[in-house]
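The data below hold one chain only, encoded as structure tokens and taken in the form predicted on its own.
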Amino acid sequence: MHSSIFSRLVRSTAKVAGMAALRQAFVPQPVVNLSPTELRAYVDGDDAVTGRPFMQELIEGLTKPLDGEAIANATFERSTPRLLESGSEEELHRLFLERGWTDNLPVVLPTEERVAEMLAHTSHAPDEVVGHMRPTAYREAWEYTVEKVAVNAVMAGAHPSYFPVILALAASGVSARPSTTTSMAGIVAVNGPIREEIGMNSGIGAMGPYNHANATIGRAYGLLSQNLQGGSAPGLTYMGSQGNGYGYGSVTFAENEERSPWGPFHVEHGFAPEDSTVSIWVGGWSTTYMTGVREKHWRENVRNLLRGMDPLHPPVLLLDPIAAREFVARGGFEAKADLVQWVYENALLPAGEFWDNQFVQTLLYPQAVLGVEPWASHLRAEPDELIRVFERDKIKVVVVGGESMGTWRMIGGRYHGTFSVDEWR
């Protein structure tokens, strides 16, 4: 049973999972904030997709045997041709667009020569399996090779020297095109010597479109995600209600290690300073922005900003070096961990307000009932009792920016890990 807005999605999911004949029944959308009487009318009414009585659709779906045609169609072909038929440049660009292989912007056509040049910048064989990826936990993961990643890197316009970074992103198995109704996108921070080797930007404009490496690595991450996980088509394999402009470049930048008052992000997570890494978050639909750290009322200001963040996506604090030094001077945060601890202790909401959130109720309430902490304790709290919104180890801090102003922002994002680039050289 599903609501009708997901009809194409759930049928596609069943098909790629080898269950094309799976029966589905649909009620109208929405299903939240409705009275029991209104919801009962859905059940007593017609299926929102077929127009037949809903209960008849449901009972027949549970009891009627599959026919031969349904059984015969219960397979899904995943293979794709290595080479396309020849055609003019205009014809090939149109084909890529029509088949949903692009981000709806022009791409560089992946000729054999261009792909070979990309492959020359890794020691790994073209047919080596890099990893597996899927848009949601409910779809089957697709497997992909080094060559398939190279194809998408070429399409994004990336220079071949960027290829080890792109392979590291692909090897993470984390999609930059996740299919969530909340319209999330990928966020990538790069650390270590690779930043200078390929000319990445960690300073002025680092999170914008002003650096070729930043922009094309992020774009390649998005393209490989949608193409190698089995697609990213609105209503079919992507359900972000509003969409997210961050998805075009996956918010990809280098950390400004040299101007940071603290140690590099990747060193905090077990790597040596001379290692090159990528760190990945998925989020980007909950964000705040500030011009400087206030002198007198910075505590109140940051607390207010934290109250506006989405409770399900811990904040990634992205600080210009000026802002980072102001946090040190005004808060005494000699280490990133000190700032993280302060955020953890001051990101507070009344328990009643915390639980009055649709996604908190949907995703965290079941864990609270099962006794999973800290949600179980939050559930026992009085409605006006202040509770901590985020788990401490999921709050992260990265320094990026060119010191033209002490700007900083918080982007809600789930940290998925830090991954080696050097393994893919």
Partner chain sequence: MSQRAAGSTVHHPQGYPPKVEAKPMAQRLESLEGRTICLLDCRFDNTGPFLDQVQAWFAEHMPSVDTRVVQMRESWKEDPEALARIKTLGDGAIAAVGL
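Positions refer to the first chain, counted from 1. Please read these numbers as outputs of a predicted model, since none were measured by experiment. What we label the rigid core is the largest C-alpha set whose atoms superpose within 1.5 Å from one form to the other.
We do not show the form predicted together with its partner chain, though everything after this point is about it.
J.: Which of these residues, T216, T277, N152, N256, gets a heavy atom within 4.5 Å of its partner chain in the predicted bound form?
T.: Going through each option in turn, the one that passes is N152.
J.: Spot the stretch among 84-92, 305-313, 268-276, 324-332 with residues whose non-hydrogen atoms come within 4.5 Å of its partner chain in the predicted bound form.
T.: Stretch 84-92 is the one.
J.: Can you work out whether N227 and its partner chain are in contact in the predicted bound form, taking contact to mean some heavy atom pair no more than 4.5 Å apart?
T.: So N227 counts as contacting its partner chain.
J.: Residue-level contact is defined here as any heavy atom of the residue lying within 4.5 Å of its partner chain in the predicted bound form; does S260 satisfy this criterion?
T.: Result no; S260 lies far from its partner chain in the predicted bound form.
J.: With heavy atoms only and a cut-off of 4.5 Å, decide whether F390 touches its partner chain in the predicted bound form.
T.: No, no contact at 4.5 Å.
J.: Tell me, yes or no, whether E382 is in contact with its partner chain in the predicted bound form, where a contact means a heavy atom of each within 4.5 Å.
T.: No, E382 stays farther than 4.5 Å from its partner chain in the predicted bound form.
J.: Using heavy atoms and a 4.5 Å cut-off, decide whether D44, L66 and L370 all contact its partner chain in the predicted bound form.
T.: The answer is yes; D44, L66 and L370 each reach its partner chain.
J.: For a quick check, can you give me the residues of 106-121 that have a heavy atom within 4.5 Å of its partner chain in the predicted bound form?
T.: Sequence-ordered list: L109, P110, T111, E112, V115.
J.: Superpose the two forms on their rigid core, then report whether the C-alpha of L370 is displaced by 2 angstroms or more between the shown form and the other one.
T.: No; L370 is a residue whose C-alpha shifts by less than 2 Å between the shown form and the other one when the cores are overlaid.
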